[in-house]
Structure formats: structure tokens, C-alpha cells
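Here you get one chain, nothing else, as C-alpha cells; it is the form predicted alone.
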Amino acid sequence: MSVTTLPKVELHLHIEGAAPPSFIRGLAAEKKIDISGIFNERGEYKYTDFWHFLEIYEAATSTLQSPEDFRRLTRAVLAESAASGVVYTEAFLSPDFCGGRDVGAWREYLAAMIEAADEAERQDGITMRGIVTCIRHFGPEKAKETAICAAETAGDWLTGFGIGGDERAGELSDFSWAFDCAREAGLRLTAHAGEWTGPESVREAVDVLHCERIGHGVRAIEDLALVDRLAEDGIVLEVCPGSNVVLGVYPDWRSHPIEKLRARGVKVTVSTDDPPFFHTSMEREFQMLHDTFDWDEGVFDEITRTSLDAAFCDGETRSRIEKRLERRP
């Protein structure tokens, strides 16, 4: 089966983490910033483990210094996603990297990214919406500032709020104020959990932060009572299998629990996380799932419909994407 022509919906993509290495090298050369140490001899991002990955990620992001940089970045990322068959994507955006959590500066960065997204929709047929994400290892006080940025710009385009970064930094309950602020502004909620910490972190994201989606969440499989609860409550997992395998959460694709979770009734979706860091794309994720678990077109259609149903966009946008799915080749 060819997965190339299948339309895809992606819900878990970090905009900075999706930056092609060539794009970051180009920006660094323009600005005369020496970040050569973050690449290997093939010009790819290099890191040794998840925590080193975070350091390399932030070093690469240091080249992104203006709204124009983020406009160009967004356009480049969406072009690559569209080439992989993605018709709708939700990207995590960090005011930490866009004006230092200053609301006025954040508005300028956001406007630049929306401009690029509008151009991509016209030219490449891909629709994007934004989810503001605070960074866990930056601490809860900075997360409050990030939440204020999100609340001040919530609307039809900026539709969600989440948290990423090092899951082992602090407790999710430390970020309750930020999530309450975002919820009161009408933003829908997701949180990274159950990747580097166990099922208890997934339970905390649901019970304490009241998230309707979980970024990763795969280690819920270690607690079958929790798995059944996720299925019963309709909590959606933003699963990134390629990321989990490359970072060593699971040793190989066959060991990944996505099929076990799906078979037990959990709503799973498929995303790339930080695609160039993990040498992946949505097309490759689909191909590996087909090769590993023998997923056929019917399963992929189910995954795509689940993803669209779980998207944080408004009804009009969802209907528009639905029509694109119906017009598939």
C-alpha cells in the first residue's frame, strides 16, 4: 500500500523543532552565529539523549531572533508538511522563543506566523492552527507569563495551550495557574506526559490540569486501568512513534504500544514531534506503521478522522478539512 497519497492530520508538531537543519544553518550564517557544533558530518542535528536533545534544540532556536525569522520558518515547515500529505496541522508555539514572553512582542511574532500560514494554505493547501506551549523546565513563573501571552491572543487561529520540555522538572500541579488562565480564555488544553515519566503523569495531566489531549501519553500502557479510563473518557493521545523510538523510550517499532492502545479503545493519533531531529515525516510514520503493524487504509482513515475530531480548530475549519478528506485521490 502506498501511504504517499493518503491525506494526513497532524496534532503534535513543535515549530522550532521542525526547522530543517539547512534552514537553521542558513540563518546562522546570515547572523554570523557559530552553531556548527550542533550538527554531525552529514549536516544533521546531533545529540546523545533526550536532555542533550533539549540543549541542541535550544541552540538551534537561538538563530530565530525576529518575527521575520519565524515567518520564514513557518513557511518552510508547512511546505515540508504539505509535501508529506498533511492537510491540517497544529503546531506548538513558544512565546519564550518569540519575544521573551512580552505580550506586545509576541503579537508581532504571531502575526508573522499567521501570515506564513495563510500563504501556505493558498499555495500548498495545508491549514495550520497554533497551540501556545510553556516550557516545563523553565519553571511555573515563566509559564504564567506564557499563559498570559496565550490568553491575550486566543481566537480562531490560536486555539490551544500546552506544556512541553523536561517531564522530570517539577510537578504538573505547579502549572495549574497557567492552565486555569488559558482555560478561562477559551483555549483547549494538552500536556506532554507519559513519555519520560510513567502513567501517573498522564493521570495528573487529566485530573489536575483537565487536559483533553495528552502529548505522547504512551506509557499509560503500563497501567491498564488507566488505559481503560482514557478509552472510556475519550482522552486523545498525540502519539509520535518515530520520536519515541529514536529517543529510546522504546527500543524499536515493534515494541511501541500504539497498536495495543488502539486495540484497547484509546483514541490515538499520529504525529512527528520534531521531524528533522528524528529523521522522519508524516509519510514515513505512516509507512512504518503499515510495515510494522500491517495497518491498512481503513486504519489510517480511522486515525485521520480521530485526529480531525480531536483538532482544536473551530467547526467551520473542521468542515473545510473534512471536505478535503472526502476529495482524496
Ligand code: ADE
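Bear in mind that the values here come from a model prediction, so they are computed numbers and not experimental data. All residue numbers refer to positions in the sequence shown, first residue = 1.
The following text describes the form predicted in complex with the ligand, which does not appear among the structures shown.
Within this chain, residue 57 lines the site of the ligand in the predicted complex, having a heavy atom no more than 4.5 Å away. Although the partner is absent here, residue 243 is a contact residue: one of its heavy atoms lies within 4.5 angstroms of the ligand in the predicted complex.
At a distance threshold of 4.5 angstroms between non-hydrogen atoms, residue 50 is in contact with the ligand in the predicted complex. When contacts are judged by a 4.5 Å heavy atom cut-off, residue 195 counts as touching the ligand in the predicted complex. When the ligand is considered in the predicted complex, only one residue from 165, 199, 130, 140 comes within 4.5 Å through any heavy atom, namely 165.
Partner contacts here mean any heavy atom within 4.5 Å of the ligand in the predicted complex, and among 172-180, 104-112, 222-230, 187-195 they occur only in 187-195. At a distance of at most 4.5 angstroms from the ligand in the predicted complex, none of the three residues 10, 213 and 267 contributes a non-hydrogen atom. With contact defined as any non-hydrogen atom lying within 4.5 angstroms of the ligand in the predicted complex, 14 is the only contacting residue in 2-29.
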